[in-house]
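In structure tokens, one chain follows: the form predicted on its own.
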Amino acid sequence: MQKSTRLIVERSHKISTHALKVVNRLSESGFQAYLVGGCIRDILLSRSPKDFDVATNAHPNDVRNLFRNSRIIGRRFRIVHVRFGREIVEVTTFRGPHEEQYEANHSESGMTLSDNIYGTFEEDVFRRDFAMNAIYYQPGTKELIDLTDGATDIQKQIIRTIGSPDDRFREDPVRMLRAIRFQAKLGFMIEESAARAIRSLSFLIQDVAPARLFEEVLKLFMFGYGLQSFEALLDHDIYGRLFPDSKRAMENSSAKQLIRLVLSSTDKRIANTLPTTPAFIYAAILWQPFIIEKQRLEAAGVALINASHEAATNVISKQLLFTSIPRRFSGPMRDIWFLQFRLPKRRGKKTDILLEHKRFRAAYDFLILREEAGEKTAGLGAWWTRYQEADEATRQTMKESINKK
């Protein structure tokens, strides 16, 4: 513990000044207040924390009254966001046990429906998910409190639940996805009893609201370790709970390789601070289910264009039962899909009109990755690569050679 305390003090420059302001004001107002969770874990790992959480015995309304730049959010789990420009410091009130009101606050499967029962510092510690996230630090007194031996887990690179894994995951099934995300992000191993619990309880994911699961999918795939997250989801047999049609499509196609390539590409773009979008990832995840549904409709006599639109609607509608896909992403995803069938049509002015389409670049990139995944396109990707790089005379020659075929 002394070593961990020394490390935190030595690396205190990594702590956000805004987070320190929140802790100090709460403390000066007579409340207990600690930095807790991922920010402390990351500092111990010599990482630079991006998010700062504060735990306190002040109730949400108390916090709201202290900070004019704050607002209370959430129903199931009320917390306070204190905003400093683009930075948000998240403040949570110590949570207590549910024994006296268990049935009213939990579903039949054990999921917590309301978590606004407040408690003491010690009770809050043992209500948290993983030991590595239950280390508290008081910057004013330089006191580090680790009642669950989380620092040892960090040193050993283990993800261990506090208490029974079954109980923790039943309380909030999203914790299973959090464990997988930490495995992917940190390179840690999930402790064996927790890994077994994930495999046996993965069905509980279906009880989580699709909108919340969409946010969790973004955290898994859009923060620079998407490929590792994907492999971990497959290893722990939980991917199919999020994307059942995608999982089934992997049995007899190049679907898995396309997803891997798209996630690897996205990770590289994030590392190079290039723009990314969930639409591109979802387009890869649902590409084979879309193709399978399109082929089924065509075999039933539906015209090609109508089959494409109907297939997209059917596949997206079914996926919405599991994870939300906001229209700002489902629209571009459809465009990427539909352009795959327009890219082979390289005749006359339509070629240059297609080149100017706002989704052309995404569709072209998607085509290239489809080819890398093993899909046969008769050299279509190479043709479009040459066409984009060619001068006007060469472009005209390329279009004329297509017209002669």
Ligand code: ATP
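Note that residue numbering follows the sequence shown and begins at 1. Owing to the predicted nature of the structure, the values given are computational and were not obtained by experimental measurement.
Keep in mind that the form predicted together with the named molecule is not shown, yet the notes after this line are about it.
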Exercise. Of the residues His236, Arg260, Arg241, Lys219, which one places a heavy atom within 4.5 Å of the named molecule in the predicted bound form?
Worked result: Lys219
Problem set entry | Among the candidates Asp62, Asp365, Asp53, Glu372, the residue which, in the predicted bound form, approaches the named molecule to within 4.5 Å (heavy atoms) | Asp53
Exercise. Pick from 336-344, 356-364, 37-45, 375-383: which stretch has a heavy atom within 4.5 Å of the named molecule in the predicted bound form?
Worked result: 37-45
Problem set entry | is_contact(Glu310, the named molecule) in the predicted bound form, heavy atom dist at most 4.5 Å | no
Exercise. Wondering, does Arg248 line up within 4.5 Å of the named molecule in the predicted bound form on heavy atoms?
Worked result: no
For this session: State yes or no: in the predicted bound form, is some non-hydrogen atom of Arg212 no more than 4.5 angstroms from a non-hydrogen atom of the named molecule?
Result: yes
Exercise. Is Asn133 a contact residue for the named molecule in the predicted bound form, using a 4.5 Å heavy atom cut-off?
Worked result: yes
Problem set entry | the named molecule in the predicted bound form reached by all of Asp172, Arg175 and Arg181, non-hydrogen atom within 4.5 Å | yes
Exercise. What residues in 124-146 sit within 4.5 Å of the named molecule in the predicted bound form, counting heavy atoms only?
Worked result: Arg127, Arg128, Asp129, Asn133
